[in-house]
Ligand SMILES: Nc1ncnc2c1ncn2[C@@H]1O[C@H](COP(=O)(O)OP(=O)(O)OP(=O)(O)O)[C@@H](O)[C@H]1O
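In structure tokens, one chain follows: the form predicted alone.
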């Protein structure tokens, strides 16, 4: 990751200027130099010097089309600020290789000072279509100005909070370790998503375990995954599972809860039936969820 390479080269003054731009971006896409000076509490000479340095490092984008020059962060700068905070909090000490890439996030392996290995998930919502995210995500409320920073930060917070709730049930879901801005750090299973397996051992047992986990989460935490399928169930060689990607979760009292829960169940049933010939009575499974 580019941000991890640049982090050692930055001084605290550079980071403070980046944070000043981040604060200003709450109000407008491009932040004027006077505002950056105000938020950073630096003199103009120091502000301009630091802006010039981080601009040369390609961490900010300059807009000189208006009367006053303005700056905005790019994604590398935002990665850098989040990583810096996670390092300062002793949550992350080393970043490993990219282990997953989706439409809305990149996932890297990482390590803390005690050599515990975790997954580090960076939200990249807006990579494909920013407008569709504003339409389809129940994240943004009534805010008139929406930056991609804000949307990704809300996404990370939403997933981290639900992982904390579910993890208390002691099931096969990621343990939330920490988060900052648009990055979530969580426990990691050395496996791969179900979709990438040609064959698996004991598909009946794995299918039953997944359904049982969904049922417990629904009944005890009142949570529905909302996007469950073969792409977000990780399996390792020992048959351990991890149900991941909880961003689209909804509460059981959501207006569309019934249809979304049933879609999740049917997705899992249909996949195991088609790929592994695991027969199940979908309607019976659905009915069992409503029996507390």
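Quick caveat: nothing in here was measured; it's all calculated off a predicted structure. Positions refer to the first chain, counted from 1.
Although it is not shown, the form predicted together with the named molecule is what the next lines describe.
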- Message: Quick check for you: of 29-37, 240-248, 262-270, 53-61, which stretch puts a non-hydrogen atom within 4.5 Å of the named molecule in the predicted bound form?
- Response: 240-248
- Classify residue 203 as contacting or not contacting the named molecule in the predicted bound form by the rule of any non-hydrogen atom within 4.5 angstroms, answering yes or no. no
- Distance check, residue 104 to the named molecule in the predicted bound form, heavy atom within 4.5 Å: yes
- Distance check, residue 227 to the named molecule in the predicted bound form, heavy atom within 4.5 Å: yes
- Query: Is residue 47 one of the residues lying within 4.5 Å of the named molecule in the predicted bound form, judged by heavy atom distances?
  - Reply: no
- Message: Check for me: heavy atom within 4.5 Å of the named molecule in the predicted bound form, for each of 100, 188 and 232, yes or no.
- Response: yes
- Message: Between 119, 171, 149, 177, only one gets a heavy atom within 4.5 angstroms of the named molecule in the predicted bound form; which residue is that?
- Response: 119
